[in-house]
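The structure tokens that follow cover one protein chain in two forms, given apart as structure 1 and structure 2.
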Structure 1
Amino acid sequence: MKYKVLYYVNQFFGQVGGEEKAGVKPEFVRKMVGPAMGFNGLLEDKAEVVGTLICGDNYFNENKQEALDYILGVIKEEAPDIVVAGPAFNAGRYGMACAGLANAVIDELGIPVVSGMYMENPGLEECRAKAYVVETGDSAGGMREALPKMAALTLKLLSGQELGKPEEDGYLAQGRRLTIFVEKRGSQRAVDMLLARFRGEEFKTELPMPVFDKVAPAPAIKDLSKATIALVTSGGMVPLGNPDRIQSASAQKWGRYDIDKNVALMGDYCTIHGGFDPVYANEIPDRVAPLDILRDYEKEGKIGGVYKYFYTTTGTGTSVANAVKFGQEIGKELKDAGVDGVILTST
């Protein structure tokens, strides 16, 4: 008898549509859709995907309880041995949906969940303590590498074998500490590591510590009435038509636009950000990038002036590495231009 696997995907991988279909309600189909087909082929006739759950990213995150009520109802009825979600790569809303589903399925139904996410996906921290999450690349281009790892982990869980350490079985550490028996006691292992460090040899700590990025705050502006202030946003606000083709998610570039003669962004700008409903931002672009208020402050003498260029990109799904790169590049331009301060807005 084959084990039963239930697969969860978003509207894109469920072949319903793109961003315009992100609001679709959850649906269950008794067939393999999208990555579920490739995943099923890796199960070595030991398990079978019995159906696919499809839900729009926006719908799940904006109507979480309603989405979970339907999804959990289907899972109870189908009674799978395991649930597989994703992989979500670096898609934030998709990752959060996979995480929300995973936590609910594990907590309420006691069924294991396997997923795949990029290290910077916000969904990872939401579910990694409970679900088994395989590390993936940041885009769907890594599907061929992700599915075999997820399938191997799934088969091991289904077989009832005890999982080894995360690096041995290919899942991301869950933050749990387990008691194990080893030949050397802790004090001996610690001295061995210390000696290896003194000798310049490789060693691996048994207690890795998180590394946090520390940014020293800039000194306060002494006199705002003489300061030049620049406007920067990750809200995806661009000139109509998006002339530089800045990506709506997982941005690979930023844009710089002349606003020297603009009193406001009204009428000339719109958002291409893929992470929120753009209606109100497009209605009044200054809700995201408040040039109108800066102009008022400029007239009132509260600031010395507004820098002639406006900088923009999108934040949703953008990797930390790219975000740091963008910040360094934009920061250098502003510093070289003698700008005193920045209004940095997000969404």
Structure 2
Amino acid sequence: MKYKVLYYVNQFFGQVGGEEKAGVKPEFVRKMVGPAMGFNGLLEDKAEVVGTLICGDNYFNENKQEALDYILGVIKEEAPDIVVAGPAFNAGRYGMACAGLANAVIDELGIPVVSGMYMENPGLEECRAKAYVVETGDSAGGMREALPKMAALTLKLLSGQELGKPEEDGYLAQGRRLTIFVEKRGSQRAVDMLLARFRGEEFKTELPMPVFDKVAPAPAIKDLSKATIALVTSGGMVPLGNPDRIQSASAQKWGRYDIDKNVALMGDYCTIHGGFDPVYANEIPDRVAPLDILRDYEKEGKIGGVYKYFYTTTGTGTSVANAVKFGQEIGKELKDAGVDGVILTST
């Protein structure tokens, strides 16, 4: 008897469509769609994909409970031995959907979940403690490498063999601590490590320290009626014609635009963001960056003023390293200009 695998993909990999279909509700089809097909070919006749769940990324993230109700219903009925989701690469919404599904399937149905994500995918932190996540490249170009790793891990889990350490079996560390027997006691191992360090030799810590990069909340604005508020967005809103050629995905730069004479973004701005359906944002750009309302508040004296420059970039697929750099550069300008507070909108 073959083990049953149920596969989850988003609207894009499910061949429903691109961004314009990101709002589609989950659907179950009793066949292999997209990566499910390649994945199935790697299961060595020991297991097979019995069907594919397809859900729009926006639908999942905006209607998580409804999406999960349907998805968990299907999974309960199909009773697979394992659920495979993705790989989501560096697609944030897709990763969050895979993670949401993984946590729910594991918690509520007790079925293991395998996925694949890029290290910076925000979905990874959400689910890595419970799901088995394979590290992938940052784009769908990494499919060929990702699927065999995910398949091998899936087969090992199905076989009931105990998984080895993350680096042995190719999944990202779940943060678990296991009891193992070793030759040398702790004090000896610690001294060995210390000596290796003195000698400039390689050594491997047994307890990597987590990196908590938290920024303390900045103090609140004391008097809003005197405060200058800056408007920033990662929603890709640019002046019509995109004069600085800001990328529609994986942004390499940000833009600064004079909005001193604008009562709203409407009429002069559009979005070049490649990660969502732009129809609504282009109709009324203030739906993404609400300059219109800030102007109202300025007129009414509720805020001191709107900072004369508007800052913008594209958030989709943009590396954390670039996002950090953009934030540092924009933040420095805002600080030097004496801006009192910032509203940053994301799509």
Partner chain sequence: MVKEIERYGIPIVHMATITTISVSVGANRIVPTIAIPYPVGDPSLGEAAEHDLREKLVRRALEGLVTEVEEVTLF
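Between two forms, the rigid core is defined as the largest C-alpha subset superposing within 1.5 Å. All residue numbers here follow the sequence of structure 1, with the first residue given the number 1. Just so you know, these numbers come straight off a predicted model, no measurement behind them.
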Correct structure when looking for the form predicted together with its partner chain: 2
Comparing between the two structures on the rigid core, is the C-alpha shift at Asn103 2 Å or larger? no
Residue shift check between the two structures, rigid core fit, Asn40 Cα at least 2 Å: no
Any chance the CA of Pro239 moves 2 angstroms or more between the two structures, core superposed? yes
Core superposed first, then measure: what is the displacement of the CA of Val324 between the two structures, in Å? 4.4
Superposed on rigid core, Ile221 CA travels between the two structures a distance in Å of 14.9
